[in-house]
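Take a look at this single chain in structure tokens; it is the form predicted on its own.
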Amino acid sequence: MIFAAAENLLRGEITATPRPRTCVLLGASGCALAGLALGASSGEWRLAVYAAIKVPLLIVLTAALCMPSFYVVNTVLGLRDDFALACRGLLAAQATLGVMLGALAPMLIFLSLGTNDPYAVTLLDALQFGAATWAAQQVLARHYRPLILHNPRHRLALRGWLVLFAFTGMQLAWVLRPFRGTEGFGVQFLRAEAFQQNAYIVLLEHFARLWR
């Protein structure tokens, strides 16, 4: 039954979208599996448990931080009456993100075994999260299609959500690290300098090191 629900979710058919509780279960389970794979790649069981907690936490907190702004944007644009339907689409998208991350968990382990460069591993992880995000946006677009036909201003609200979610999620992911083990660091839930660096600057530095 759970596989049928996941299939309906990934198809993005609005009338067949699983109930909210099922969406939450699917999304959280997939995120936890991805986190388990990330943490287990280090060989530390505690880090695997920590990461299995933190990946679902990342998605939930990012959505929670973005939701007040999204509500305001919808209200200002005169879309308040459609807010419940918009949230249903967002929930389906987040569940899809989790399912895709769970499906990519074996690849997370395989790729981490194929390289010893920590900067390359970081970028590979980002690419796989990006692929899962792309799948989630396909489902979200299907849910938003009738809303946009009803009122084109939903397109603007959707774009605002995507930008806000990506911007917030990337920085929050940096705060919640480590998801993988790093040589020279003990097993810990959060790094001591978690709130002292900017994720975007660090990512640019990673790209720069790879091209040297």
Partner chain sequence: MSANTPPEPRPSMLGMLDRVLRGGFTQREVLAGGRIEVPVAGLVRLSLLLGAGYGISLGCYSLFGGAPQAWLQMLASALKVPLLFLLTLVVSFPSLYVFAALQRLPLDFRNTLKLMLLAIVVHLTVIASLGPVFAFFAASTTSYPFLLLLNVAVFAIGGLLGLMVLRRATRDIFTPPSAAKTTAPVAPPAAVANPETTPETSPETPATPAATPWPATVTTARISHQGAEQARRLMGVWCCVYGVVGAQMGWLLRPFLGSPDAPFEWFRQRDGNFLVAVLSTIGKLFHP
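Residue numbers count along the first chain shown, from 1. What you see is a predicted model, and the numbers here were worked out from it, not measured in a lab.
Below, we turn to the form predicted together with its partner chain, even though it does not appear here.
- Contact check for residue 151: every heavy atom lies farther than 4.5 Å from its partner chain in the model of the complex.
- Among residues of the shown chain, residue 201 is one whose heavy atoms approach its partner chain to within 4.5 Å in the model of the complex.
- At the 4.5 Å threshold, heavy atoms of residue 138 stay clear of its partner chain in the model of the complex, well away from it.
- Under a 4.5 angstroms non-hydrogen atom cutoff, its partner chain in the model of the complex lacks residue 117 among its neighbouring residues.
- Partner proximity in the model of the complex, defined as non-hydrogen atoms within 4.5 angstroms of its partner chain, places exactly one of 29-37, 48-56, 141-149, 164-172 at the interface: 164-172.
- Note on contacts: among 127, 76, 84, 113, the single residue with a heavy atom within 4.5 Å of its partner chain in the model of the complex is 76.
- Residues of 15-44 are not found to place any heavy atom within 4.5 Å of its partner chain in the model of the complex.
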